[in-house]
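Given next, in structure tokens, is a single chain: the form predicted on its own.
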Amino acid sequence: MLTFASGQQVAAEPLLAAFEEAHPEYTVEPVFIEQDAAYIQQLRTQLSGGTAPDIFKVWPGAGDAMAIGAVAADGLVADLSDEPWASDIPENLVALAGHEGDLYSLPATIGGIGAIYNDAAMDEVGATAPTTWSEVLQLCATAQEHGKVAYALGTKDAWTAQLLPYALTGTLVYGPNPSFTEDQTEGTASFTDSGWMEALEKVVEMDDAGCFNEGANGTAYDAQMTMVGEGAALGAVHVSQAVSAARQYAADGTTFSLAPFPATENPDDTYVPVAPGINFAMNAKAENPEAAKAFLAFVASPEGQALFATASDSSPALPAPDYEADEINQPLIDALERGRAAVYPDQTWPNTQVKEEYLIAMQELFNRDVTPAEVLQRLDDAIAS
């Protein structure tokens, strides 16, 4: 018996079934928790109480309470440095999968943040994906003329509030300067005096231009992606994997595509945030360590990588020759190949307080209870804590 916890049930179930077929000596007992906040709370409680599953989803980096850097620092996950597949992990992913030079998780997928568009809805209003900032605002006007929303927002689920600034700061901050967080920790850079200010001002500008649905802070993620799937919204700036949620609500034959989200008037400036999407870790006190290691080896295999990437609307993190990218993932691969990929900011943050403060402050910004400057000052205080 292998116990397992994650989100993305629709994507994980084919992976678990394939593992059981390849390893009939094991059965999997899964628990799926789709909301990140609930998942983090439950897993942290279980890990503290000694009741956590053998294998569970973790986030890359150290910016969340269930990020691999945080749980490894607390001694809650097993060291996987000596596993046969460890040498297959691309060098740029190793630091985001471990802690202090040791490997504590398996990167399972690669995802990105961009504008996910409902192709039929875009055709209906005669629009194409913007490649400049002024074209973004024009798309917002076009959508309104046709009684639609340009970009759906569902910030009632706080984690979605982070994504639009991440897309913008890929171009305005982290693409041009991948060492920005390191500069912050050394005291030579700050959120306030950086492209973060322009990014948040652009979020406010989009809100003023009517780019979003009314009452975003009262709209849940599921409702947000329903709007995209049904075509009430032309798209959403989101993680690439979110397209699977939109597909649930789309008419048969509806297609979706992802485009880099611009922040300037020069398309050549644009970077795309691309990073590990899901990592799997092994409980340091796993009741079934042999089954857990067999599962990780299966996920790391070319078969497992291709299967899970396809099921989760992602790209493989490790080599998978049989994987074929679609209209959602090919732009992410293109960005990597062209050197136009940026990090997810939170995966580089040195503590969990920055992310916690950021999610709260972004909801307040959408309510207009705070200004961009106030948000960034709070983040500067958090990163220094």
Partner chain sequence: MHRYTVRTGLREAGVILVALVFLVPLLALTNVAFTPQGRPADALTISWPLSTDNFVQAWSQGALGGALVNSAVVAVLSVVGVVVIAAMASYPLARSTRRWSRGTFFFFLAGLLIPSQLGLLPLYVTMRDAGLLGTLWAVVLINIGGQLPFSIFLYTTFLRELPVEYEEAAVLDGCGPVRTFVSVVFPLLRAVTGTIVVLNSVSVWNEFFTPLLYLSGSGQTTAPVAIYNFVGQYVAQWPLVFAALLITILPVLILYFLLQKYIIRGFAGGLKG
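Whichever C-alpha set is largest while still superposing within 1.5 Å between the two forms counts as the rigid core. Positions refer to the first chain, counted from 1. Since the model is a prediction, treat every value here as computed from it, not as a measurement.
The form predicted in complex with its partner chain is left out here; the points below concern that form.
Visitor: For the three residues Phe32, Ala38 and Val239, verify that every one has a non-hydrogen atom within 4.5 Å of its partner chain in the model of the complex; reply yes or no.
Guide: Heavy-atom distance to its partner chain in the model of the complex: all three under 4.5 Å.
Visitor: Answer yes if any heavy atom of Ala245 is within 4.5 Å of a heavy atom of its partner chain in the model of the complex; otherwise answer no.
Guide: Yes, Ala245 sits close enough to its partner chain in the model of the complex that at least one of its heavy atoms falls within 4.5 Å.
Visitor: Please tell me whether any heavy atom belonging to Thr51 falls inside 4.5 Å of a heavy atom of its partner chain, as the geometry stands in the model of the complex.
Guide: Result yes; Thr51 sits at the interface with its partner chain in the model of the complex.
Visitor: Would you check, heavy atoms only and a 4.5 Å threshold, whether Glu303 touches its partner chain in the model of the complex?
Guide: Because no heavy atom of Glu303 falls inside 4.5 Å of its partner chain in the model of the complex, the answer is no.
Visitor: In the model of the complex, is there a heavy atom of its partner chain that lies within 4.5 Å of any heavy atom of Glu182, even though the partner is absent here?
Guide: Close contact is absent here: in the model of the complex, Glu182 is far from its partner chain, nothing within 4.5 Å, heavy atoms only.
Visitor: Please tell me which of Thr27, Gln330, Thr45, Asn351 lies within 4.5 Å of its partner chain in the model of the complex, judged by heavy atoms.
Guide: The residue in contact is Thr45.
Visitor: Quick one: from Asp74, Glu124, Asp193, Asp222, grab the residue that has a heavy atom within 4.5 Å of its partner chain in the model of the complex.
Guide: Spelling it out, the residue with a heavy atom inside the cut-off is Asp222.
Visitor: Could you tell me which of 77 to 85, 184 to 192, 144 to 152, 245 to 253 sits within 4.5 Å of its partner chain in the model of the complex, going by non-hydrogen atoms?
Guide: The contacting stretch is 245 to 253.
Visitor: With both forms fit on the core, is the shift of the CA atom of Lys355 between the shown form and the other one 2 Å or larger?
Guide: No, shifts by less than 2 Å.
Visitor: When the rigid core is used for the superposition, does Glu287 move between the shown form and the other one (threshold: C-alpha shift of 2 Å or more)?
Guide: It does, since the Glu287 C-alpha is displaced 2 Å or more between the shown form and the other one after the core fit.
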